[in-house]
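Here's a solo chain for you in structure tokens, the form predicted alone.
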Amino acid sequence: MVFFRGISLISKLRSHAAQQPGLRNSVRWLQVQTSSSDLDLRSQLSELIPEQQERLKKLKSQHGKVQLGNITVDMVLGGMRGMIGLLWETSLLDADEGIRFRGLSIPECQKLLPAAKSGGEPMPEGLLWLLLTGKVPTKEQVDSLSKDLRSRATIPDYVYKTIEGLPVDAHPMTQFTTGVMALQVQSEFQKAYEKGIHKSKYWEPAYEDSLNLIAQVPVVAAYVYRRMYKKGQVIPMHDSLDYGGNFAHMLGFDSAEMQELMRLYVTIHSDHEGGNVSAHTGHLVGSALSDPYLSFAAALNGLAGPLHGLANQEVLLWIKSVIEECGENITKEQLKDYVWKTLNSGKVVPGFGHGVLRKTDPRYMCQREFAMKHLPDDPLFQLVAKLYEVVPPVLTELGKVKNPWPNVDAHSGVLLHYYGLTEARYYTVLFGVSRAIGICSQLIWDRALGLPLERPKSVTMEWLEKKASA
């Protein structure tokens, strides 16, 4: 690689520099250039992409006909659940272990990724670097990326005017998605495609759009929040705060703990492999060569569904309904009765179960650990802790649930509520800001690897009946 060849050259020059003073300036210049390149995310991708293109080409030519399993009628009728049908490089979800970002578990990310302060939560910029390169960045690289994202975060006035065209009480996700669609006007990919860019270079404007989008969505999201709940009093971005800290600041929360929570929240919600609705939608729309803005806006519309991202809103509302009916000091036996009441009314207990996971969601566990550290006596947290003990046995007794354990949504609302972000309708927007990092990272690789238009085969019930009885 160019970077390592540069290091080798520096070493050779150093050995001569003491004897030849004229070389000293050259050594100093080369060190600066190498260091600058090392801190630049795009230059690292430029080195990685040819290797991964060759890897994909080899995989396809040597193993393209290898069968990965059998498709059943249940899979076809069950929303393609369990089918292996997508390439998603940035993360992989294991039914027992949970999510791994480029091979690293959430606890490993908390340990290895740079933090804004010693012993703190990982910075989302570090995860972005990891998802794009597969490498754990240094603190210097993350700080450089933070600065780059801040420089990209300017929002054109027409975006705000477009949002202002909606009723102030329109759902926050509607306003947020509208803002993202308005940002699409500035798409570098669309402009480059219209000028006839070669397909081997598609990833470059996709990279620019994606980094711009990742930088801009917290600003748009914060604008929606302040418009809806704080009389339109907008808070500008801080010049020196990192991504998660700045998002909390623009929302209006400047406590150190809330900034730490936002760093954790954005990091753990960023990606969950490619099969979930929002990730799959972003990939599907992007496969038509729609630019990252169009692709991400489509993903947000999927995220807004009650069976996906809107669930984090539903959890807190359900918990509040428990308190309203039974009080904060509810016993486990009373809680069990309320859970059965919910189930017998034909509803689900929000925040429990998952389409893939078969154990407690690691994203739930790291939030639980955060709560035990920072708010162990909070009544809502104590209720969530009781639910962790009560709900799984009830769902197991019900006999219809494959995974009775809590997922990420079971905990996030309680933490946000504790620090003052009490507007549950807004919670899915936070999820959307987070998901930009994962979806856009994969979109860059979709274009770099030249992944094709997605076009699965569909069949009718008659076809299935004939096939099954043949």
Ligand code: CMX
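Heads up: residue numbers just count along the shown sequence, starting at 1. None of the values given here were measured: they were computed from a predicted structure.
What follows is about the form predicted in complex with this ligand, which we do not show.
**Q** In the predicted bound form, does each residue in the set 81, 306 and 349 place a non-hydrogen atom within 4.5 angstroms of this ligand?
**A** Yes, because 81, 306 and 349 each have a heavy atom that approaches this ligand to within 4.5 Å in the predicted bound form.
**Q** Quick check on this chain: which one of 252, 362, 355, 114 has a heavy atom within 4.5 Å of this ligand in the predicted bound form?
**A** The option sitting close enough to the partner is 355.
**Q** So which of 400, 341, 231, 332 reaches within 4.5 angstroms of this ligand in the predicted bound form, heavy atom to heavy atom?
**A** Checking each option against this ligand in the predicted bound form, the one that comes within 4.5 Å is 400.
**Q** Against this ligand in the predicted bound form, would residue 407 count as a contact residue? Criterion: heavy atoms within 4.5 Å.
**A** Residue 407: yes, in contact with this ligand in the predicted bound form.
**Q** At 4.5 Å between heavy atoms, is residue 431 in contact with this ligand in the predicted bound form?
**A** Taking the distances in the predicted bound form, the answer for residue 431 is yes, it comes within 4.5 Å of this ligand.
**Q** With the partner left out here, check for me: in the predicted bound form, does some heavy atom of residue 383 sit within 4.5 Å of this ligand?
**A** No, residue 383 sits far enough from this ligand in the predicted bound form that none of its heavy atoms falls within 4.5 Å.
**Q** With the cut-off set at 4.5 Å between non-hydrogen atoms, does residue 395 touch this ligand in the predicted bound form?
**A** Output for residue 395 is yes: heavy atoms within 4.5 Å of this ligand.
**Q** With the partner removed from view, which of 308-316, 192-200, 206-214, 369-377 is the stretch that lies within 4.5 Å of this ligand in the predicted bound form, judged by heavy atom distances?
**A** Going through the listed ranges, the match is 308-316.
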